[in-house]
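Only one chain comes next, encoded as structure tokens, the form predicted alone.
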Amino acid sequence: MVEPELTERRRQVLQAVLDDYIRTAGPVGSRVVAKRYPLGLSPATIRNTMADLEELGYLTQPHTSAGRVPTDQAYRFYVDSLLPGRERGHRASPPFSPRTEVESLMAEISQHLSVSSRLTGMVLAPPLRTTILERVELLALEGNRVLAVVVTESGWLTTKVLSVEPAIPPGELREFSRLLTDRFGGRTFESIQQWVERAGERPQDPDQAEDLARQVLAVVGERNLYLSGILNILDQPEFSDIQAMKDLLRTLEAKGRLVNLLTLHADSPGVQVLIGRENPYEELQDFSLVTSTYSAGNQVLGILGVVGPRRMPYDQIVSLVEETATLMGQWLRGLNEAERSRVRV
């Protein structure tokens, strides 16, 4: 919804300042706006309008003799009011195949987001806390290795190779699969993860069955975050300062804050934009995140997106993230169907 105090003239000037600052990263003056944008306004009128926008909290002036730069409030206005009416381009599909392994697919998707945005791409892999377990399959491999197959109600399949001592016969593994499915099928991954954490706090040594149960069910709590193009952000003028660069690298390499932040948005379908100080984590308040859930049917499988400076071309990034999330859901459904056929017993 457009703020009532923003007249048509103020909206035009604000959009011009936003567009110019996003492109150049430099403070924008009234003469620049008058020269570059066909608004039909004199530099004096634009200057007065920019002063009004500063008073309303949409612009700020870093130095008294400099031009203005947008605030978080301006970017929020841009995202909420200017983007819906703009045309969105259609990009060619990235060269991914449903035959790609899960880990490779996640890494390639994050790289695609990074290359296309020239910022940092990220993919939070399934599962998320609201995912519901359907069944567990345990398949004997060579030696003491076991393939754990965890299937969700939405049909998403996750596999992991586990080690057990001593080796368990195939017949016992099938029975143990049935017991795990009977006990935990229909429960959310969040509640299962709580069981795993409580089991891990027990002081006594677990027997083989309980140890295997912990290993299998721990799979539902794994949340791998794939990041690509971290160094792209360092090319942005905002982070030319050495200390800012160190803080940025430390934050992105730790990943924990980003994982928690993305997980919080798992309940919000579609594209979400988090700008600057809207971020609950102080160390991420110099950045914006554009994210989208990707789904199979009605079940959210994960989240992907782009992180970059607040000065980013939101129209292009929103389009990129939205299109990639749609394709991601399609590819994962194809990948999942192929894997389900391969491990069916």
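Numbers follow the displayed sequence, beginning with 1. Note that the structure is predicted; figures quoted are calculated from it, not measured.
Another form, the form predicted together with the DNA, is not on view; read the next lines as being about it.
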Could you work out which of 284, 28, 301, 312 is the residue within 4.5 angstroms of the DNA in the predicted bound form, going by heavy atoms? 28
Three residues, 261, 266 and 326; all within 4.5 Å of the DNA in the predicted bound form via heavy atoms? no
Look up in the predicted bound form whether residue 70 has a non-hydrogen atom within 4.5 angstroms of the DNA, and give yes or no. no
Just to confirm, residue 10 within 4.5 Å of the DNA in the predicted bound form by heavy atoms? no
How about residue 48: is it within 4.5 Å of the DNA in the predicted bound form, going by heavy atoms? yes
Would you please decide whether residue 316 lies within 4.5 angstroms of the DNA in the predicted bound form, comparing each non-hydrogen atom pair? no
In the predicted bound form, which of 304 to 312, 272 to 280, 28 to 36, 287 to 295 comes within 4.5 Å of the DNA (heavy atoms)? 28 to 36
